[in-house]
Every structure is written in C-alpha cells, then in structure tokens.
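The form predicted on its own is given below as one chain in structure tokens.
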C-alpha cells in the first residue's frame, strides 16, 4: 500500500487529537476529584452511584425523623416530670389537710393551691410543640383538655408513629389516657371541694391521687425505655450513613495518585507524538528538490 504524506498527516492529527482527549479527561478528573462526569462514561458506576445516593437520602430522612421523635419524647418527659412534681405537691397538701389542727381558713388556703395545681396540669396536658398538641394522640391540632370545674378531657389515644428506619415505625407519644385522664382532674376537683366543704373523704381521695401518681411514673418508665431504643436506632443510622458515604466515595471518587501518574505518562506520549509528527510532516517535495 502506498503511504502518502497526506495519510501521515492525517494519522498524526488523529493521534494527537486522541492524546488531547485523554489529557482532557485526566485534567477533569483531577479538577473535580470524580471518576466520571456523564453516565455514558461508565454506566455501571453511574447506576451504583444512584443506588448508593438513594440509600443515603433515605438515611438522612430517617435522621430528620429521629430529631422530630426526640423533640416529642424530650418534651413529653419534661411534662411528665413536671406532672409528677405537681402531684407530689398535691399529695403533700392533702396529707397536711388531714391534720386535725388546721382551721377552716388553712384548709381554704390549701384548696386554693390545689386549684392552681389543677389549672397548671391543664396547661401541661395541652402542651404544644411546633404547633402540635403532643398529648392528644393523632389529633395533634386539638387541645385534649378544656379548663373547667372540673376540667373536661376529650383525648385521643391513638399512637403517633414515626418511621425511624426502613419499615420500622416507633411510637413517639405517651398514651394520654394513662396520664391526663378525666379521673385525674375529677380527683383534684374533689379534693378542692372536700377542703372547702369537708366530708371526711380525704383518705379515699389520697388513695386515688396515689394511683394517678403511680400511673404517671409507669408512663415515664415506658417512655424512658422507648427513648433508649431511639438512641440505639440513632447509632445504627449513624453507622449506615458512614458506610453509605464510604461506598459512594469508593464508587465515584478518582484515585488521585493513579490519575497523576497516568497524566505524566500521557504527557510523555503526547510530546513524543508531537515530535514525531513534526519530523514526518516537515519535509516537503520542495525540500527534496533543493
């Protein structure tokens, strides 16, 4: 086959063009730190990257759900702690009122404090977090307790669930009827009435108050157990997030040392191609005639 000068020039041009293309690829990988920039460059890497990023997005959403769950549970725990203190104070007052040496004015003063404690519990039962009532089950837009004599309770006891992992939902609210039920407010109201108009029923009311106090303590214990589980889920999600980020990095990030080595090698090849091309193309027919 006859090889013409034009063929040599075209071959040189094609080879130099390919060399520039490789240099451009290495330059882009070094500038961005990524193996590919278009799915067409490596479809397998692109598909794996989409899968890993989907997993990471899900994990981050679950972590945001955890933050919401923590907010509810911490506020619930704070409210139940406050409720415990209020009921213990009410118990102290009832025991004090049973002292036969107290006069009617003293009992009236205790009744007024019981009334304020009752109103305080109404406020606690209607605790709102981010505009939502946390002690009314799934009816988060409605206040569960209406103040009155006694206060009226219309609570919803459905579980408020939040997805904290793939297919795993966790109850984040307490059961309202176990804490802020109608019986609690009736007992407080009866204590208040009893102190205003004694009928020797304080022993029975004290026993009822102890029952409500035990119910609150039991609910706090149950809530604490769920908070512990939430912390375990949080640790697991943190580990999964770390693994997902590492997989994305392994799949997409460029091997900088390898790329630099290949770039230097390609530079040498490119210079050699230019040099050879210059030597082949430079002689012309005119040069032979000289």
Partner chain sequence: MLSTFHGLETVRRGMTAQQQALYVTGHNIANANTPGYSRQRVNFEQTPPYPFASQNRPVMPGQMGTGVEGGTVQRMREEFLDVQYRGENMKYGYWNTRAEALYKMEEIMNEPSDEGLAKTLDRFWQALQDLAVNPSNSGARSVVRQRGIAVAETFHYLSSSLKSIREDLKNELDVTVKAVNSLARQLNDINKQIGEVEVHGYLLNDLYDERNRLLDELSQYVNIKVTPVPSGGSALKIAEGRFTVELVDRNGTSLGKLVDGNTGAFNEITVKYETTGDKYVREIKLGNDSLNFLSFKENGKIGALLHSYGYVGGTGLYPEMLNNLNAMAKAFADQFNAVHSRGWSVTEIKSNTKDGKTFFTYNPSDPAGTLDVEQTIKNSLDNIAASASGQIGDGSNAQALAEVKNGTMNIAGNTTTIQNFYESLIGQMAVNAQEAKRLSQNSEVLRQSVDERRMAVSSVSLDEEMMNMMKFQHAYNASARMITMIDQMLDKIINNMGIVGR
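Think of the rigid core as the biggest set of C-alphas that the two forms share within 1.5 Å after superposition. Positions refer to the first chain, counted from 1. What you are looking at is a predicted structure, and each value in this text was computed from that prediction instead of being measured.
As for the form predicted together with its partner chain, it is not shown, yet the points below apply to it.
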Contact test in the predicted complex: residue 132 vs its partner chain, heavy atoms, 4.5 Å:
yes
Check residue 62 for me: does it contact its partner chain in the predicted complex (non-hydrogen atoms, 4.5 angstroms)?
yes
Although its partner chain is absent from this view, report whether residue 169 comes within 4.5 Å of it in the predicted complex, heavy atoms only.
yes
Just checking whether residue 239 would be counted as a contact of its partner chain in the predicted complex - the rule being heavy atoms within 4.5 angstroms.
no
With the partner absent here, would 92, 104 and 215 each sit within 4.5 Å of its partner chain in the predicted complex, counting heavy atoms only?
no
Partner-facing stretch of 259-267, 37-45, 217-225, 230-238, counted where any non-hydrogen atom is within 4.5 angstroms of its partner chain in the predicted complex
37-45
Out of 156, 208, 126, 190, which one falls within 4.5 Å of its partner chain in the predicted complex, going by heavy atoms?
156
Let me know the one among 117, 110, 162, 79 whose heavy atoms come within 4.5 Å of its partner chain in the predicted complex, would you?
162
Which residues within 135-160 place at least one heavy atom within 4.5 Å of its partner chain in the predicted complex?
138, 139, 140, 141, 156, 158, 160
Does the distance between the two CA positions of residue 269 reach 2 Å or more between this form and the one not shown, the core being superposed?
no
